[in-house]
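Okay, here we've got a single chain as structure tokens, the form predicted alone, with questions on binding and movement later.
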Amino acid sequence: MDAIRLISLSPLLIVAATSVAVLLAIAIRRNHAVAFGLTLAGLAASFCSTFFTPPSQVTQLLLIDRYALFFMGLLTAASFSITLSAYGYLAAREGNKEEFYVLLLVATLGAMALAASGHFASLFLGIEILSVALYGLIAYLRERPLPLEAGIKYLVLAGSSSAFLAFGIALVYADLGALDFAKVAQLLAAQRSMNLELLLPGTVLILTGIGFKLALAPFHMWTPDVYEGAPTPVTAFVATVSKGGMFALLLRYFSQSGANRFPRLLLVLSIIAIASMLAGNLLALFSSNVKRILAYSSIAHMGYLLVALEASSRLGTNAVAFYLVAYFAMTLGAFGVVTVLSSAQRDADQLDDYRGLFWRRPVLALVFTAMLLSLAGIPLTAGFLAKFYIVAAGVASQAWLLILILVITSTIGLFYYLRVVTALYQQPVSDVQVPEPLPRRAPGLSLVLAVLTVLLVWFGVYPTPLLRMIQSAISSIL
């Protein structure tokens, strides 16, 4: 491998080397602060390297283009903020803490590999690297029953989704004799595949496997239990980095493999999008657990993204990328507030834990309000513009039914978001036992919340720089 290709792999290599360095540091001497510092340094170095890495087709498996570099930067930035929130969260708890950062780095590496995958083999490897690390992260607080239960549920369902994915890849290969996305597109364009009895079911099985990872309906049943049971920083990771890497892969797959040429496949995606928007928003109405509300909300947001994905146009692809950036900021901010309010005994996941928060922690309540209003799509926030671009992409592709469902379900979503916001500003209830906040051992988390809030408003008012960056990145796959 020449020097250019080796340098092109630097974002991935830095994260991989950092995980090894943290592991070696643990073997020499356990020190939470050292593991934390090495993880932050590695993620920061990987993020910075995305700005100087030359695009290159490293192998048939990995394509390091502007698109991959953009999403690698987004994923490492999200992991950086999650690491900051995890330090104080873990410091207040007993047990070994250092291995958490090794698993976090390995999971981030798997998500980054997905963003650079242009081949079914690297797709499967990236998903497995991500999933195996997530098994340990979700059940990391093993002395508690809920994390263990969440880890087992994710293990069983993730294993099932991998089986669907592997079987789907096998069917596509049996029909076309190719695993490279670009080669698959060439064969389809040349009408080399006339055996839809293999190709179409194979593609549907692949989407089924991806649908489990993205928690799209009807593959969403694991989501609320895993979100509630996992440690809050891990929940934030699953909601952002894990799903972001998967959707980056799905977007490249649809753009480069020609999968969007099948009307019946687009019909299946439409049904999944409608089911996700309805299930996510309606189920959230009946929950009083904040982490479960955010879990159901994430199902709906993945459904919104499918609306733009089906547009199969430059506008739709740009809308997906912009929505993912906004979704990362909103979700990381929301779970960051939950992390700050959590105690050593339990997470602050009940609605009563937030009742009257404005009178106890006014700044934190305002930050949480901004995140929730952005998730609801209120103007002057990034969430509003993100939904606007989704609707614009849907209008351009004349997906009127999907747009109608999106508008109706967004209105339903406004109700449960405002239910949490209302609780923040109510007078405190004296007989409600509010968890003692974690010790202030990670001042960086306050800075992260401040930056996310600023970005939320900035992207909602002046999104031009971000849109230009997205358009430059997206041009690599169109």
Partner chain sequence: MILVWLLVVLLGGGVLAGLFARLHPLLSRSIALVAVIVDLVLALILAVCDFGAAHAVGSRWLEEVNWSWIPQSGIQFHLGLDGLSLLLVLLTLFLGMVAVLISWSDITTAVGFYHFHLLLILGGILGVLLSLDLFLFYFSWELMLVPMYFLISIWGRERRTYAAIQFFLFTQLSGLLMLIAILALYFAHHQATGIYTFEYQDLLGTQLSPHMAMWIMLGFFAAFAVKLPVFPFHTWLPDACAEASTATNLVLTSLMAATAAYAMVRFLLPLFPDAARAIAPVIIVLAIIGILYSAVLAFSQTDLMRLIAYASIGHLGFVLLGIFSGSPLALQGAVMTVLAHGVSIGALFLIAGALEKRLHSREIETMGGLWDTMPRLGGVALFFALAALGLPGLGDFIGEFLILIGTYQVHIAAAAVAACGVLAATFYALRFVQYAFQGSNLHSWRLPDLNLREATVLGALMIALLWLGLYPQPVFRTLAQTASHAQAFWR
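Residue numbers count along the first chain shown, from 1. This structure is a prediction, so every number in the text was calculated from the model and none was measured.
Here the subject shifts to the form predicted in complex with its partner chain, a form of this protein not shown in this document.
Is V421 close enough to its partner chain in the predicted bound form to count, meaning some heavy atom within 4.5 Å?
Yes - in the predicted bound form, heavy atoms of V421 and its partner chain come within 4.5 Å of each other.
Is F415 one of the residues lying within 4.5 Å of its partner chain in the predicted bound form, judged by heavy atom distances?
Output for F415 is yes: heavy atoms within 4.5 Å of its partner chain.
Are any of the heavy atoms in L467 no more than 4.5 Å from a heavy atom of its partner chain in the predicted bound form?
Judged by the heavy-atom cut-off of 4.5 Å, L467 is in contact with its partner chain in the predicted bound form.
So, V461 and its partner chain: in the predicted bound form, are they within 4.5 Å at any heavy atom pair?
Output for V461 is yes: heavy atoms within 4.5 Å of its partner chain.
Just one of 230 to 238, 108 to 116, 402 to 410, 167 to 175 has heavy atoms within 4.5 Å of its partner chain in the predicted bound form; which?
Checking each option against the 4.5 Å cut-off leaves 402 to 410.
Its partner chain is absent from this chain, but in the predicted bound form, do A185, M246 and F254 each have a non-hydrogen atom within 4.5 Å of it?
No residue of the spot touches its partner chain in the predicted bound form.
Pick from Y154, F358, F181, Y140: which residue has any heavy atom within 4.5 angstroms of its partner chain in the predicted bound form?
So the residue touching its partner chain in the predicted bound form, by this definition, is F358.
Please pick, from F328, Y87, Y389, F120, the one residue with any non-hydrogen atom lying within 4.5 angstroms of its partner chain in the predicted bound form.
Among F328, Y87, Y389, F120, a heavy atom within 4.5 Å of its partner chain in the predicted bound form occurs only for Y389.
Within 379 to 398, which residues come within 4.5 Å of its partner chain in the predicted bound form, counting heavy atoms only?
In sequence order, P379, L380, F384, L385, F388, Y389, V391, A392, V395, A396 come within 4.5 Å of the partner.
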